[in-house]
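Just one chain is shown here, as structure tokens, and it is the form predicted on its own.
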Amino acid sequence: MNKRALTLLSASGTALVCALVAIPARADGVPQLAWDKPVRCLTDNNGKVVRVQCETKGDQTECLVTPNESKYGGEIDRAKPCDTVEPEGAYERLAKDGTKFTPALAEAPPGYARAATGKAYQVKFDLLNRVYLGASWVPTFQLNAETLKSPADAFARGQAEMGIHISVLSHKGRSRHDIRILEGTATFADLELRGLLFAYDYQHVHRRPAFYLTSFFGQPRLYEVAPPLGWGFRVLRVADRPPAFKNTLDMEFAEAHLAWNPWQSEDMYNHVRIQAGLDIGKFWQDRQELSKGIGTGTWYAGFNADASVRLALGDSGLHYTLIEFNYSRPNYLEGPKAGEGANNFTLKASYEGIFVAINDQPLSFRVTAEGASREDPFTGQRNMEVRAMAGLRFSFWAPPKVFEPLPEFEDP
């Protein structure tokens, strides 16, 4: 190992040790102003503006008091505007009246904590709302396929990924709208591309009946029906080299589905979802044919079904799990296999955990296990693929995960 490499290794080790032994600016055990109570701003005996919340217990008035500026100067961040700004002398009058002042931390908005320096830092994250970039190691194993035979190739695969997730909770409609935009992965050492242009899913916890059913067997009876049904669609999903087939290309142009949520949390963040729908697209047995134009390939239309479980473990959003099962049967509309179809299955389980945040932008560790079975409609061959994935995701602009109870009924 040369001298330059040793120097770099030493510097990296020093930086890692410093990071591990750095003392965090926490303030455990120190009282804190409440976010949901009024804050008064006063000028103390030193001429400094302080933030005060007072409470009277019997004959004694107790006030929590904190500076209105951070340790490094400037107003503290993410604090509420003062409900009242009192004139000079108000602080002295409180002291003369026997008020007990207790040093405290400034209030922090939901999803944030306050450090001793006055800095607010995010402690909860909504991973359904973010822009993310990732990199991972993806060992891949195949059965009855001509690719990735050797262990060296199987363990030499890496992956880069990106995507945009948006999830909107509507209190008035007691519904959630999940949107995914520009999702994509590129896997190297035997190049494989997967991408999604746009996807939308709707779910709800409606209390008002969607329709009324009247029966006339004996006495007429009225039944109120409020099924937990949702719907969604996808636009342009691409699988270049689908699982276990090295040279093929599958391009789904559009898909629409209905969904049933047999269980979902009150805010619909966690759920069990079952959906079924139809899609249309094109399949290229040799992806090189696409260079001759989009008119090549074989059109298909078919049935697909999904079952998924989405869970955020705990109320902080630091741990996120997703289990998905997919079945699809594309039926080919032209060519030598017109009228025939193929049965394809995929099972995927993933876990993501946030372990550090840089300026409130979370860095997470992600692991995934995936198995796929895909049938070649032209040869009848069924190939299977198993892959694991371990890597990091860096997310941007993920807001705090804050539970807000829904109203009893949605707007009429």
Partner chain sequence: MIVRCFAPNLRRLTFPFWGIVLVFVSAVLLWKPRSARADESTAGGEKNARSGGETTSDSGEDKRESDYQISEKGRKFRVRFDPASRVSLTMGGSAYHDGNGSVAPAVETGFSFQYRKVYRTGAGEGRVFWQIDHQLVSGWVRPFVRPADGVPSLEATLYRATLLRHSESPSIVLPVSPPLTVGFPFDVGLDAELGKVTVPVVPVTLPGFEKPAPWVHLGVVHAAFTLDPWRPGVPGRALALGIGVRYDVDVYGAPTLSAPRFVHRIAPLTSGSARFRYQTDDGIWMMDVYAEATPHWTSENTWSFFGAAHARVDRTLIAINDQPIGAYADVHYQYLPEGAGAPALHDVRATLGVAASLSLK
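Keep in mind it's a predicted model, so treat the numbers as computed, not measured. Whichever C-alpha set is largest while still superposing within 1.5 Å between the two forms counts as the rigid core. Numbering follows the first chain given and starts at 1.
Form predicted in complex with its partner chain: not shown, discussed below.
- Listed stretches are 93-101, 156-164, 308-316, 208-216; the contact stretch with its partner chain in the predicted complex is 208-216, by a heavy atom cutoff of 4.5 Å.
- In the predicted complex, residue 88 stays away from its partner chain, with no heavy atom inside 4.5 Å.
- When contacts are judged by a 4.5 Å heavy atom cut-off, residue 222 counts as touching its partner chain in the predicted complex.
- Core-superposed comparison between this form and the one not shown: the CA of residue 212 exceeds or equals a 2 Å shift.
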